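First, one chain by itself: the form predicted alone, in structure tokens.
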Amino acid sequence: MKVERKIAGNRSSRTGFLLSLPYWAWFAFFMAWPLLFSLVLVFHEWDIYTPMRWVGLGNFVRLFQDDLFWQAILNTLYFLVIHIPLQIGLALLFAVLLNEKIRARGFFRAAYFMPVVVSGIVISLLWQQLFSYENGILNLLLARAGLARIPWLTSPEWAMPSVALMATWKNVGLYIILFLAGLQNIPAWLYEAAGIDGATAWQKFRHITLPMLNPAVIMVLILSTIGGFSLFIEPYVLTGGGPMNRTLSAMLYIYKQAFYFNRMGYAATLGFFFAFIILAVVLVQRKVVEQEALE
């Protein structure tokens, strides 16, 4: 009996291994190998066409002397300062509204989520037309209201806020769904008990909704931060990084170093360094939010 169980266990293990083999093959070829190869590139110069040349820490020296890369980092942080509060605020607002019993609630939930599943290129081209100085809908509305037209994508002051506005519109639907899931897990009796005690709507929101949504807030904050640091399609399509490099994101700069200038080793170095920056920011964010929740 024990022998039969052992044989059955071995068969089950082999079956499990064979079923998971396609995943491990995919992981090895498309995750592990590119990661290891990128790590090798960090210590080399390579332009694809000629053999690699060992430079040791030369790429890191170049990184710290690259003013344009640091400007791209600052541009990305500026984008996050605009994008994250706007996205979390709007997502929470619409989630609270859609959690109420209103007409066509299912339609509105689907409508807000629709931009998430549409190609980023398509969304960017659409907003490029909306932002057009001469014929864009936004400027036409401003002109009809007797206001001056705004150079949304050609002004160094307006370009990054415009990109942040477009990115928020595209991604907010995902975070609405996450907040909705959190809201629907809050027991209704908490609000009923607070109402009996005479709590106002704002007090219910402040002392019940927000504390109970803390896990969802942390998740949305982390996902928004990672997504914001990955800013690429929007500036690539809308502005190409201009004007005056004001919308040049870190990801777009890394892309240009790799595929415009064929500096694969330097691009790999920038990528690893940027990944550590993202990790550090996310860890600090999580610690701060959790500490404030405990207080």
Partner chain sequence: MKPLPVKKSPCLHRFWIMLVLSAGVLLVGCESGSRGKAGHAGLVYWPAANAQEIELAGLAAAEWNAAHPDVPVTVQPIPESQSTEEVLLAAVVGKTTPDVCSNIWPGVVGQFVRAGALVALDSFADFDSVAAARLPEGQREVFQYDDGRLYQMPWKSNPIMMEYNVRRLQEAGFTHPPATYSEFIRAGQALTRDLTGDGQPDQWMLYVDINVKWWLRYFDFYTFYLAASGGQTLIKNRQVTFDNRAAVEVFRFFRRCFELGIFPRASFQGDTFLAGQVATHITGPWNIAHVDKFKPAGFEFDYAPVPLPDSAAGPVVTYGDPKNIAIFATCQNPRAAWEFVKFLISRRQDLALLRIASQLPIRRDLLSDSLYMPYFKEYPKMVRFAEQAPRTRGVDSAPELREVFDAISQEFEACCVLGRRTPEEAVQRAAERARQVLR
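As the structure is a prediction and not an experimental result, all values here were calculated from the model. Numbering follows the first chain given and starts at 1. Under this definition, the rigid core comprises the largest set of C-alpha atoms superposing within 1.5 Å between the forms.
We do not show the form predicted in complex with its partner chain, though everything after this point is about it.
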* Using a 4.5 Å heavy atom cut-off, state whether Pro51 contacts its partner chain in the model of the complex. => yes
* Contact of Leu57 with its partner chain in the model of the complex (heavy atom, 4.5 Å) -> no
* Asked: Is Gln203 close to its partner chain in the model of the complex, meaning a heavy atom pair under 4.5 Å apart or at it?
  -> no
* Using the partner position in the model of the complex, report whether Thr154 sits within 4.5 Å of its partner chain, counting heavy atoms only. => yes
* Quick one: which residues from 38-74 get a non-hydrogen atom within 4.5 Å of its partner chain in the model of the complex? -> Asp47, Ile48, Tyr49, Thr50, Pro51, Arg62, Gln65, Asp66, Asp67, Leu68
* Comparing between this form and the one not shown on the rigid core: C-alpha of Leu19 shifted by 2 Å or more? -> yes
